[in-house]
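Only one chain comes next, encoded as structure tokens, the form predicted on its own.
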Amino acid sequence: MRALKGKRAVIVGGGSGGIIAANLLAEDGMDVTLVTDNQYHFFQPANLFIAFRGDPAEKYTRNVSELLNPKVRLRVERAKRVDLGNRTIFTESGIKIDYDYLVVAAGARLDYDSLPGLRETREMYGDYYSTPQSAAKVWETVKGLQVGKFVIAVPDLIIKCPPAPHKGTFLAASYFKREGRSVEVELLYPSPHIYTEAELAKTVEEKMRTFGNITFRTSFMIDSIDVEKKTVISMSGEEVKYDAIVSIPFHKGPDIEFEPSNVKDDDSFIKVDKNKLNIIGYDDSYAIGDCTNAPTSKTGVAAHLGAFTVWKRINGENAKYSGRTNCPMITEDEAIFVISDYEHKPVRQRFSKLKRLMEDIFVAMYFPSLRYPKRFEPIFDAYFKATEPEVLGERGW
């Protein structure tokens, strides 16, 4: 291992990946500064529980300072510019911070303006991708809908938590059934299958058909949403009426300037080596999680595993990220996990109550695992090894 005591590390972003990376490096004796534009950390998947169960946001919110090793220096403001060649970042207020190692974990930026009607429908009905407040608006929408059609619209597939549109569909349908309401839930999906991988799509479709109040349309490429007519219009001219709608926003890379600028792609995602996670052209700077162009799902698991990969590489190990995903797709009482990596498509799955219980356990472990990542790593490591796509193979899980 390298002698890291006294070396300066700057972490940009207060999400799960950034907090884990900061805590790991601080334990190594590094001088760690975490820069984030929000003093609160929110468990983003919980937006679904706020939107469709009415859970309070406070249950899933912590002050970032509570989750950090006391040795980590916290600066709450936006990182405005990164000069990779000079190993320097600049904050919005003009503060300059030099580093020996950089880890960018700034997340994805949500774009509500690339599709007509997207921003307006979010303001009217809420969404469960942005803030707890917007998710709470979905809950008010759902509670107030007695009859009609509730649409979940997916304009693009490059999104955080790819199963989240399906989770919302299942949870909304369960709520309306439980309340005895004549509301149809329709999922508009741009892929030829109801999930991006054909074999897994069969499992999802079969589950949807058991509900009785779920419909879906595949290969539905959204062109616009007519707010006045309450209609979603596809690029082929197909129209779908709704009484209420929740749309998934487009995702872009973080709004941070980089020098050189060519380390970001056309959608502002940071270009990284998909295994080493270093920013292309730089061996002292890394990017992890949703902000990168790595060809894997934008999930908390990717950020978690990315943080450990980067920590090990900074320590001189030849660690590599495999592209592993472990995305839960839940109903009220069952779940599957979308498990894949760079070399393997998502493995065959069966919905089960055990997997739903496992998801609840992961949720309960979430905040402690951020604060004490090394303590929890043996648990996660054992799980990930037991459920490797290569291990599960054709029999699936």
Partner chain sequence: MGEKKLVDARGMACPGPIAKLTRAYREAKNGDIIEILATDQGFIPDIKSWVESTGNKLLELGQDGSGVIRAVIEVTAKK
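On a predicted model such as this, the values are computed, not experimentally measured, just so you know. Positions refer to the first chain, counted from 1.
There is also a form predicted in complex with the partner chain; it is not shown, and the following applies to it.
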- Query: Taking heavy atoms only, is residue 342 within 4.5 angstroms of the partner chain in the model of the complex?
  - Reply: yes
- Would residue 132 sit within 4.5 Å of the partner chain in the model of the complex, counting heavy atoms only? no
- Query: Does residue 233 reach the partner chain in the model of the complex if we count a contact as any heavy atom within 4.5 Å?
  - Reply: yes
- Contact label in the model of the complex: residue 87 to the partner chain, heavy atom within 4.5 Å: no
- Task: Taking 4.5 Å between heavy atoms as the contact cutoff, choose which of 251, 313, 207, 122 touches the partner chain in the model of the complex.
- Result: 251
- Query: Of the options 161, 301, 173, 115, which one has a non-hydrogen atom that comes within 4.5 Å of the partner chain in the model of the complex?
  - Reply: 115
- Message: Which is the contacting stretch out of 90-98, 123-131, 77-85, 191-199, given heavy atoms within 4.5 Å of the partner chain in the model of the complex?
- Response: 191-199
- Query: At 4.5 angstroms, heavy atoms only, are 157, 222 and 237 all close to the partner chain in the model of the complex?
  - Reply: yes
- Message: If you apply a 4.5 angstroms heavy atom cut-off, which residues in 289-315 are near the partner chain in the model of the complex?
- Response: 295, 296, 297
